[in-house]
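In structure tokens, the next block holds one chain alone, the form predicted on its own.
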């Protein structure tokens, strides 16, 4: 039976309970809490070179940890209790992308050890750790949150201070790309690691810079709602995400070979260039042109959305969020039937400003921006409509109403 953990106090008590049951000594341990994220734009833009904007949200992974005086890593996850205590010696982990780790959450601590070692970090101190999270399993970046938490905690236990936070982002991406085999970009890691309470995070890939953007004064009171469909997404490496990324890379390669001066789809910003590439490949590769069309239009909408956020015009932010969702469904073809059912339901509720799928696609969660006064009505509509439309998931879906929070928080005691 799932454990309901909604705040730090409940999480700490549950971690203590798990530690007692597994006979793991965490007396004097620290707790690191890593958030989830909500991307406002451009979803799937990170690996295509676009600017990004999003917030940290209050669904978390909590990890209690302390150095154990040995070279052994010993970790237990309350979310994957059947895997037992994951135990290994520093520097001695299975090979990257091996079948041995394909189906276990242990691929994340294994991957962190492998990537940190390869990057030249001298790890001499193992940790004992117990962790638990309430982040839904698709759409809110649970894997990025976990990778960041593990990296920061292992470095801290070894007395290593890495001041370059963008380097931490790179390391977390490498854990997924090179060890696990998941072709993720950097959106998730950036939006979690840099998230600040009450602020939007704006990332510019041209100079790898971060700006914090407050919501304009006078914005109507609103909520971020995440609608977990109850479906299980097995991982980006096994999903349509991998196919879409390859298609985008193929479109860029073909355009370059035809003489167009671009290095990624984000370079296609002017209507004339977009029209020329569309005319060149529309007949032979219409699916690739469709993927390009989503990124092109989403970039145009991105700056409109940013301006609306700065004005406090959350209604326009929501409208653009909705347009992005239609593009993800029709042009990028990355959504899934259960995700669209959630969107169809909340779209009928007055006060829902915009809705779309979240994250990698296929399965997982959708999200919406809704006025505070209509959040309960949106939730009730889902409770009535979703089980009727998707009876196979009637006892598996969930609705999360979220706040904008700090991405990473460290507690010295718990």
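Residue numbers count along the first chain shown, from 1. Not measured: the values here are computed from a predicted model.
The next section is about a form of this same protein that is not shown, the form predicted together with alpha-D-galactopyranose (GLA).
The stretch that touches alpha-D-galactopyranose (GLA) in the predicted complex, counting heavy atoms within 4.5 Å, is 37-45, out of 59-67, 346-354, 373-381, 37-45. Taking the partner from elsewhere, residue 133 is found to have every heavy atom lying beyond 4.5 Å of alpha-D-galactopyranose (GLA) in the predicted complex. Contact annotation: residue 360 falls within 4.5 Å of alpha-D-galactopyranose (GLA) in the predicted complex, judged by heavy atom distances. In the predicted complex, residue 137 stays away from alpha-D-galactopyranose (GLA), with no heavy atom inside 4.5 Å. Interface membership of residue 324, defined by any non-hydrogen atom within 4.5 Å of alpha-D-galactopyranose (GLA) in the predicted complex, is ruled out. For the candidate set 265, 150, 187, 227, a heavy atom within 4.5 Å of alpha-D-galactopyranose (GLA) in the predicted complex is found for exactly one residue, namely 187.
241 is the sole member of 296, 241, 108, 302 with a non-hydrogen atom within 4.5 Å of alpha-D-galactopyranose (GLA) in the predicted complex. No residues of 374-392 lie near alpha-D-galactopyranose (GLA) in the predicted complex, the criterion being any heavy atom within 4.5 Å.
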